[in-house]
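Both blocks below hold the same protein chain, though in two forms, and each is given as structure tokens: structure 1 and structure 2.
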Structure 1
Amino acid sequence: MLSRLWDGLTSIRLALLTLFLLAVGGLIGTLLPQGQPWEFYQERFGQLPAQIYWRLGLHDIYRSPLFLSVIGLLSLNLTACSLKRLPEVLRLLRSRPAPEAYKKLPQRLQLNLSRQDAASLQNLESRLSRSLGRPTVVVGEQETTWHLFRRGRWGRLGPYLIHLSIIVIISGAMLGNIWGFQGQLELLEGETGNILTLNDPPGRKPLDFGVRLDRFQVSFYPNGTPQEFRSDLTFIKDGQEVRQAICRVNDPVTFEDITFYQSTYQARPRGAVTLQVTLDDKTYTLEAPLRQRLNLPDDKGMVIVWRLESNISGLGPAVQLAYRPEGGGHPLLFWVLADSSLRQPPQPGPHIFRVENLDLTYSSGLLVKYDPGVYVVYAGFILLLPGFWLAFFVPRQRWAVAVRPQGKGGYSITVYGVGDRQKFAFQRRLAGLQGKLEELA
């Protein structure tokens, strides 16, 4: 029973099954929403499908016990396969070529060497070494000298390097999954913070140091699209400023193995936005904090400063208002440019809004990530490259060259050989060897 279990654990069928299950899990994680609360799935799929979806962990498939069990089974399969077959491969690498096996190789070439002096024989051996590598020399019957060659034997280690690299990559990913974290840090200009808002699982995490946003800068294309935005950061440890750095998009900053990525930004008012409101022939001034509902004079509606932009369509700062006139209904959204000299977008009325004072600052959104397994993953991918090279690009060939002395002087040279794969590479080497030997003959 244990033997059958071991055979199943080391079978290629198990490897294909686990790869198929991982592909199915990746498809589920791609097509179905991940990381949403229970109410989202209940509303989207209904009560029973949502319960199945939730209990199987499909709402967070890449962290679910089912998906992690498949990864563990794949790692176990690769390890067992390597332990079963690697000792035999190492034995073959250490063993000397068996002359009887090489003598049975297919004959590929035969020619005669007219001279039988030591210099000619030494020249022959030199040409064979340059073409086929270092030989094992065996003297057989009738003074026949056999030169035995094994090329590409190290290619047998390629699959096991690939197995090892996959296990290393999985180990690094699990290391980062267990001990790593990822969260958001949002700072206003001049603000210092060290509390992260974690994404998955939700929560908060303090850092061992503080991060201060000294300055935030953003530049725009003529159409108002952000061209570049950056954060000038200062890292504070034990009350001392220990490092200053600039964090840009695609140019992260790392401090104490924690990496900060420039993710987002928002325009924010330093205080309340001053709005000028006109109705018929009356004009009022309102102090409107961001995202706070205000009733209009005489209770003739309400307005909310919903959103701010520092440069909208290349026209400068603007305020988006959520406005509901007297009589109810859904709030209406529209933009008001801070520069009153410009032509304003249409407003739904009857109130007319103008921006009297808008003092903008910025908040910078930083993605903060700590992954202790990232260098292990890098090592796995680096190890994968020689594994692929050995497995797929190093042809395994066996050659035997029999040198027989002739009675009238000279030698008879017979070349035997076989290539396990890459027949074109074998034929090309045979043609090169034939050219060298014909020059000598």
Structure 2
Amino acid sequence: MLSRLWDGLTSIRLALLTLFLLAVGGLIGTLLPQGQPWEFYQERFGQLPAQIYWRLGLHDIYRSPLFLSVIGLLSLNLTACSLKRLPEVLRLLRSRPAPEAYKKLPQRLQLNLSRQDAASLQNLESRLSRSLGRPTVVVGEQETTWHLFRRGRWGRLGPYLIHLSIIVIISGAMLGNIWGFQGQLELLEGETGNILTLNDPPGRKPLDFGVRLDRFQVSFYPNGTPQEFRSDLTFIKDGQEVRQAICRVNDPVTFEDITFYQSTYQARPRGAVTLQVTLDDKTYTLEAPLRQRLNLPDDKGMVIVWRLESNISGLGPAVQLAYRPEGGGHPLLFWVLADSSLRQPPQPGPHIFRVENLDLTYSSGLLVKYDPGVYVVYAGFILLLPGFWLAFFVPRQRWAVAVRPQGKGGYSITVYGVGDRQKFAFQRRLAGLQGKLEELA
């Protein structure tokens, strides 16, 4: 029973099956909308299919027990396979080459040395080891000297190194999932914050230090899309300013193992936006804080400063207003450029709005995370590279060079060899050997 379980765990069938199931999981995860509320699936697929999806966890597949257990099974399979086969491979690597096996290799070259050339035999060994490495020398029947070479045998370790690095990567990911966290911090210029908003599971988490946003800067391309944005941060611990740092996109900052990434920004007015409102030939000003409903004078409608953009199509800052004239139904949305010397986008009227004063500032959106598994994952990545090299690019060859004494003080040299599927490497090596041996004669 136990041995059958072990056979199952170490079988290549299980490996192929888990690879296939992971691919199917990814397929479901990208084709079935993920992370939607129950009603969404119910409406879209009907009661019964929705219930099946929900029960199996297909709506959040990458965290479903089903998917995670396939990953678990793969890890088990990889570990079990290595435990089963690695000792044998290691024994093979340590063992001396067995002459009997080498004598059966196919013959590749044959060369006779006459008595006069026999002296150059002295150089044979050093010539051979220059291109084939250190030989095992065995003296066999009829005073034949065998030089046995194993090339690229470490290549056998490649698959095990790859499998080990995949286990390391999976463990790193597990570490991060268990002990890590990820949240957001939104700061206005001058503000100090230390409470993160977590999304998963939703919640709040206090840090044991504070972060102050000293300055936020954003620059734009001529077409108005952001070119770069950055936050100048100060970290404050126990009332002391401990460190200052600049956080940019693609250039995060780490403080006490917690990493801060520049992720978003939002334009905001400092205080209220001063609007100039014209109706017929009367003009007056209005102090409008963000997202606050204001009645227009004489109760002739209402307006809300709905949104701010720091740069619209390269025309500079703009304010989006939600405006309802007297007796109007839904509020109408439109943009007003802060620079009144520019041609303004059309407005519905009858009120006409201008921005008289806008003191623009930014809030910076920082992504904050702690992940003790990242370096484990990276270690797995690095381990993967030599693994690949050994498994796929190191040609494995076995060579045997036999030196047989002939009559009259002459010798015959025979080269036997076999290579793996990297045929070009084998042929190159063979041509090199031929050249070297012909120099002897």
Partner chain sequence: MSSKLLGWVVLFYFIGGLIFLVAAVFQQRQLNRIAQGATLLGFGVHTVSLLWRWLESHQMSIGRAPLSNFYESLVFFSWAVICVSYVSFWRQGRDYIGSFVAFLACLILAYASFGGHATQIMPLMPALKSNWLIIHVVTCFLGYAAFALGFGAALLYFFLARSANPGAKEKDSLRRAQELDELIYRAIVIGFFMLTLGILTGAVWAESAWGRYWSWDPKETWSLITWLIYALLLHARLVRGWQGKRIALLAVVGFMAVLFTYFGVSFLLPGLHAYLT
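Heads up, when I say rigid core I mean the largest set of C-alphas that superpose within 1.5 Å between the two forms. Every residue number counts along structure 1's sequence, beginning with 1. Just so you know, these numbers come straight off a predicted model, no measurement behind them.
Form predicted in complex with the partner chain - which displayed structure it is: Pick structure 2; the other is not the form predicted in complex with the partner chain.
Quick check: residue 343 between the two structures - does its CA shift reach 2 Å or more after fitting the rigid core? Result for residue 343: yes, a 2 Å-plus shift.
Relative to the superposed rigid core, does residue 59 relocate between the two structures - that is, does its Cα move 2 Å or more? It does shift by 2 Å or more.
Rigid-core frame, C-alpha of residue 385, shift of 2 angstroms or more between the two structures: The answer is no; the displacement is under 2 Å.
What Cα shift, in Å, does residue 39 show between the two structures once the core is superposed? Its C-alpha position differs by 4.6 Å.
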